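To begin, one chain is listed below as structure tokens, in the form predicted alone.
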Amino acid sequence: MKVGIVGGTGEIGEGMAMRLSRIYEVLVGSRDEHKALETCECCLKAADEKGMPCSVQGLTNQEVVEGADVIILAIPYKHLDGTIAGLHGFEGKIVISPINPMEKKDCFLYVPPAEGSAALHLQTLLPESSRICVAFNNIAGNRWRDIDEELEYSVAVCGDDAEAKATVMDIIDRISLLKSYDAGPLVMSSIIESITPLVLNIARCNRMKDVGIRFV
């Protein structure tokens, strides 16, 4: 299975590529293909130092959409509309949204669009046959890149396509010590997304670092 990362050169995207490329064939996408290639070099170097396998390829975002079976949108919410408008070929693809619409004022606030969540807004932008799942929303970006450390978090997953959700949950359960949990249909996405500003505020107010969630 090929896993593609649209926006794979940011902190979260690069960290995901480092971890996923040891398990799957990963396609790293960027508007600038040279940046995607630089991310791939980082992945290959990190894997070589650990004597671990790595399968990664740097491409444009459009080439990632065309070539991947599962597509992760590792982009900020403010770039969502513009990014999707410039891409095509999502028909039938599993699309993972870890996107959290929020802003920072005196504290971090969840600021969803009119549809109620970033994922529900994404649903209006993609072809009807796209299979959208929400996952990975509540993991700190720098934790992805710290590949010497295990990720001991729970990952809530929601979506309307049962088969797609099962595929996404299987991917999650293969990464470090992550544990996936079925959180129901896509309408639950607003609750999952809103957890991120919550944990950021907890971290900030209590002088904590990399706060996440675990279900026990």
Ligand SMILES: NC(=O)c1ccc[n+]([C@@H]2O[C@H](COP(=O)([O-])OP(=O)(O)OC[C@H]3O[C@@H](n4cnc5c(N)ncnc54)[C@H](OP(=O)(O)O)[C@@H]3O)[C@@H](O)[C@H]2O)c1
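As the structure is a computational prediction, the values presented were derived from the model and not from experiment. Quick note: we count residues from 1 along the sequence shown, nothing fancier.
Unshown form predicted in complex with this ligand; subsequent notes refer to it.
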query	finding
4.5 angstroms heavy atom contact with this ligand in the predicted complex for Ser117	no
Partner contact for His79 in the predicted complex: this ligand, 4.5 angstroms, heavy atom	yes
Non-hydrogen atom contact Met18 with this ligand in the predicted complex at 4.5 angstroms	no
This ligand contact in the predicted complex: Ser180, any heavy atom under 4.5 Å	no
Within 4.5 Å of this ligand in the predicted complex, all of Glu11, Ile75 and Ile139 (non-hydrogen atom)	yes
Location of this ligand contact in the predicted complex, chosen stretch of 49 to 57, 182 to 190, 163 to 171, 30 to 38 [non-hydrogen atom, 4.5 Å]	30 to 38
Residues of 97 to 123 having any heavy atom within 4.5 Å of this ligand in the predicted complex, listed in sequence order	Pro98, Ile99, Asn100
